[in-house]
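Only one chain is included here, represented as structure tokens and corresponding to the form predicted alone.
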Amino acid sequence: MFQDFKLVDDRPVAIQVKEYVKRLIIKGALQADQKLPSTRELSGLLKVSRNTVIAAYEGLEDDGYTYAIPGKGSYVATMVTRLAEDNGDSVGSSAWQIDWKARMNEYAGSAVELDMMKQGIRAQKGTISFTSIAPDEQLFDLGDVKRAFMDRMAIEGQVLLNYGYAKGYKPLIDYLMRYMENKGVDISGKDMLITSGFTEGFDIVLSALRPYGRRGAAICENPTHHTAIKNLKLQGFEITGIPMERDGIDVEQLEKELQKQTNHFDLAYLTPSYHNPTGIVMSAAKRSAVVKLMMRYQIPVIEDGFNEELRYSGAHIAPIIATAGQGNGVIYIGSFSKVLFPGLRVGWVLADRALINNLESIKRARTIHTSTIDQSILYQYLLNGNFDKYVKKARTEYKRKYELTKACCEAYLPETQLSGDGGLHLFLTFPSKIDTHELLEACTAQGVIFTPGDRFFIQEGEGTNTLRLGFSRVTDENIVQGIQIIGEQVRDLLKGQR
């Protein structure tokens, strides 16, 4: 005994000794009321200092694993390791087995079926992966983030470590309200809820707008963000998709659908800027037309402020919520996750004050509040003036990668149609006879993967000739090599179909 103890470098030695002895007790190698070696003896056996063993024994006693008898030493406490025997029948852990799959409800089952991460391809080492549209962590300015953390902790660290408010960290709310006002939003009559990223905000809003007694009905662009499709379906909404044109949603088709199904839709979900997956920016004229249509039919709009900061060319276009003026029919959900530190799970919902009042109570019931430390670090980082500097650097780098990716697609994939005005990805549409799942299989064998586009369409069987190409975390060399490989596999597939 005590011969298999091994130290690791990254943890305090006393904690390692404590946990080692604890494991021996739990496994039964040390029995109840058995005397432990003296501190001097164990320090020699484990080759650690005696003070380390003393600290470990104190920790074991604090945790209830040992007890001390003054003048005699430390002893193993009695542990309850199994359920008591009843009428001679041993009731152990192996007797209590539940079939959890059979217990899962429709919501849980659907969550697994719609989980794109579980259904996706796991990239092998060395694979060129175009699947991610997360920011490139090499651009993160760690020094400024550390400084923001230390600044805020020095000001109110003890407060930040306690419970926060369901609505959010007030300094951050005030900052983001000004930030949205600078985007042209009329904030009179509006309020804000801080959430753990876009997805939680979207889910909370859907749970508040979901009708009782029937399935909900939503209208959105087609294709659209897979996470939005997933959450709409999980919340019981039937989805009607409206095709995209080069400058955004097909407004004529949208109007026809609204006329055909008057008073049918409970909400619309739209991503007007750097739309996921197409990358299209909705024109100012179409934003105005959409607002007028939704106002006429009294349909609330959930606006996804996806990637608005990653504009590479052209003039800034105000979000739909700004176009709506003093109207309260738009619910704006924003985050910096695709631009700035997705590890800080912070997003926000900007909407009518009465709606935010209800969403705040839903948030409190679910998660109490978003991490106050995360909110405060983001606030201090923004307050210190780092955001504009970082976005300028990120925009320059992503624009360069965007132009390289676009040029490679034009050179090596001439048979495709490209869309994407900025952001972190391009959307490719191939001739109808190309199945991008078949293409993915061929490319995977050559060490390249991407996201098939049908995952972003509303109905099964749509978009089977499309794919999304994320370039944000791919090196220049791999962008060129990867797109060359995709092009070669496309040509092979087309040859095979002749």
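Throughout, we count residues from 1 along the sequence that is shown. What you see is a predicted model; the values in this text were computed from it and never measured. We call the rigid core the largest set of C-alpha positions that still match within 1.5 Å between the two forms.
The same protein also has a form predicted in complex with a further copy of the same chain, omitted here; what follows describes it.
The listed set 413, 217, 418, 284 contains one residue whose heavy atoms approach a further copy of the same chain in the model of the complex to within 4.5 Å, identified as 284. Among 311, 226, 406, 233, the residue placing a heavy atom within 4.5 Å of a further copy of the same chain in the model of the complex is 311. Shown alone here, residue 181 lies within 4.5 Å of a further copy of the same chain in the model of the complex, counting heavy atoms only. Under a 4.5 angstroms non-hydrogen atom cutoff, a further copy of the same chain in the model of the complex has residue 140 among its neighbouring residues. Within 4.5 Å of any heavy atom of a further copy of the same chain in the model of the complex lies no heavy atom of residue 73.
a further copy of the same chain in the model of the complex is approached by residue 26, whose closest heavy atom lies within 4.5 angstroms of it. For the marked spot (5, 488 and 493), a heavy atom within 4.5 Å of a further copy of the same chain in the model of the complex is absent from each of the three residues. Residues 8, 9, 10, 11, 12, 15, 18, 19, 22, 23, 26 of 8 to 42 are found to place at least one heavy atom within 4.5 Å of a further copy of the same chain in the model of the complex. If you fit the rigid core between the shown form and the other one, you'll see the Cα of residue 478 move by less than 2 angstroms. Core-superposed comparison between the shown form and the other one: the Cα of residue 447 travels less than 2 Å.
After superposing the rigid core, the Cα of residue 430 is displaced by less than 2 Å between the shown form and the other one.
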